[in-house]
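Form predicted alone, single chain, as structure tokens, below.
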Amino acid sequence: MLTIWSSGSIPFLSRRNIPSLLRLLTVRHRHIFTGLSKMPDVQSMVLEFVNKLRKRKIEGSQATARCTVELLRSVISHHRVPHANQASALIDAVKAVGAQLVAANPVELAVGNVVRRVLHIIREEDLSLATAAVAGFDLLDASDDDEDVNGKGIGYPGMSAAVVAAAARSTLRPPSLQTLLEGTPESATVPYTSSSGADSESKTADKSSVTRKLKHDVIEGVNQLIHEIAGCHEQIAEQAIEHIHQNEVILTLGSSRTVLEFLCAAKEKKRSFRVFVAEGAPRYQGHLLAKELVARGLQTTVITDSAVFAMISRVNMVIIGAHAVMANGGVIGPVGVNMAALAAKKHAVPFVVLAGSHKLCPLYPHNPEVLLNELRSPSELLDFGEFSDCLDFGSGSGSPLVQVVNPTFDYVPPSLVSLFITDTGGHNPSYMYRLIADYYSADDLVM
């Protein structure tokens, strides 16, 4: 008998079961969903995006991450922030929506990553405003007209919110490599303005201005995150000239736009090299990458996945794209990548992983909420017509004669990785935990 392995169905939040869900939620979360129900545009956008995630209509981690951040920006823009506990209200709203998105497609770890990044932005901006208020910074110089629902083009005189947040963070902790790479200019220092006594009317205006300022800072930080995700391929490709040298042989597996842009950037710098592409059965994504490389003028050789060990002795470097990078430095990549990593380790060939910052996951592989793999249709492996005689039971014992397992991803432990190249530079696997700590808050690991 032929047994089909496939991913299980995931519960879906629809308009019909919203009332029953509200009865099960706590009072705080009930308030959040009630607020969203008053905004039909945002609620319909959330339900539409959840449906796309469930049906796997969005291909690629970058596209998924960008759409997720844009949706969260709309949620933040339309959410009514109270005068007290503004940051907590925004965090609860983002967590409520983020929980739906993560449940819709738990294998796409980039969704949870960017949700946690947005939560971290809210906490950082709130901390920056609190630090500025304690230090007597005059950050409340916004006019009543400076409010944009879409989060675009909000004008505040003086310093930008990003510079203020970076300056406040630098006073709270010693500079790390990530903060040094951000390159905050020396001229972006926070001016000190002594506060004078104000009456109750001015205090009320200050509270309203604080609310607008926090929302403005958060939306500006989210816009910067969207720009960072959109430009991650170019930032990684700029480093290609430092790692690919003349007359080298590069081995890659599967299809990755990050790898494609990385190799083509080295070709544009007049580096001559050859690329071996493992075909990536059963979906044969390597064939697509090989066509793109040939169209860009690179010398390309397609090999079978089983020939990786036979060809690795001719290879100078293995470069692959990652689906996700875990907190311990482990890599989730296309199926078969662990075999290539073992071959590279055996022959002392550098194994390099390319990943944008939105693929850095703060969770560990052993966390119960981490789903490392997904089983695809067995039709990619075999034709049902050829195995029609296997659909019947054999000796009557009830055991199937043929089982088909078609995993999507593979896991590579950090001990097999030589170097990570992200949009912030090259990093050793042992440093990834520190880099991830700069992007996420410990309070947001479990949503």
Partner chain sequence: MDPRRGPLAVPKVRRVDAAAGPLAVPKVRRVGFFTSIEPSPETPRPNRSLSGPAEAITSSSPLSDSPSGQFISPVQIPPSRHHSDNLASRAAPVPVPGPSAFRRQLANDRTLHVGSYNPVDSLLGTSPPSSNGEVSEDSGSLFGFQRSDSAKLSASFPNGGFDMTVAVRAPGESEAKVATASTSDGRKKNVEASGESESVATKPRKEKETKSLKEKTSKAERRAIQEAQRAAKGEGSKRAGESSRPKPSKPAKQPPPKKEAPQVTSSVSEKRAVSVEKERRMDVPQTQMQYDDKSRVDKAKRRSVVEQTESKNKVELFLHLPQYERGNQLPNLSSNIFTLDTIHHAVYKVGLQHLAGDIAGDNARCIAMLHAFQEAINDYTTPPMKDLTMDLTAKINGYVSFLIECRPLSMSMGNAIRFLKNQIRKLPVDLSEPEAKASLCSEIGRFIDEKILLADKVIVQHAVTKIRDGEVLLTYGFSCVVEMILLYAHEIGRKFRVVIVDSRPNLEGQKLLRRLVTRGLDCTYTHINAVSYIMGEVTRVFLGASSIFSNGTLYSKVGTACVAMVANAFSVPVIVCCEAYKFHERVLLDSICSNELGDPDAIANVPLRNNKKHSKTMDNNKNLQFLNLMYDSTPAEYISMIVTDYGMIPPTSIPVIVREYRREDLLL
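Positions refer to the first chain, counted from 1. All values derive from a computational prediction rather than experimental measurement.
Just so it is clear, the following notes concern the form predicted in complex with its partner chain, a form of the same protein that is not shown.
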item	value
Stretch in contact, per heavy atom within 4.5 angstroms of its partner chain in the model of the complex, of 316-324, 91-99, 289-297, 357-365	289-297
Its partner chain: the contacting residue among 230, 311, 133, 81 in the model of the complex [heavy atom, 4.5 Å]	311
Heavy atom within 4.5 Å of its partner chain in the model of the complex - residue from 62, 406, 418, 43	406
Residue contact check: residue 401 to its partner chain in the model of the complex, 4.5 Å heavy atom	yes
Residue 47, heavy atom within 4.5 angstroms of its partner chain in the model of the complex	no
Exercise: residue 343 in contact with its partner chain in the model of the complex, heavy atom 4.5 Å	yes
Distance check, residue 369 to its partner chain in the model of the complex, heavy atom within 4.5 Å	yes
Residues 235, 266 and 425 all lining its partner chain in the model of the complex, heavy atom within 4.5 Å	no
Pairwise C-alpha change, residue 367 versus residue 339, in the model of the complex against this form - closer or farther, 3 angstroms or more	closer
In the model of the complex, shift in Cα separation for residue 368 relative to residue 321, 3 Å or more	closer
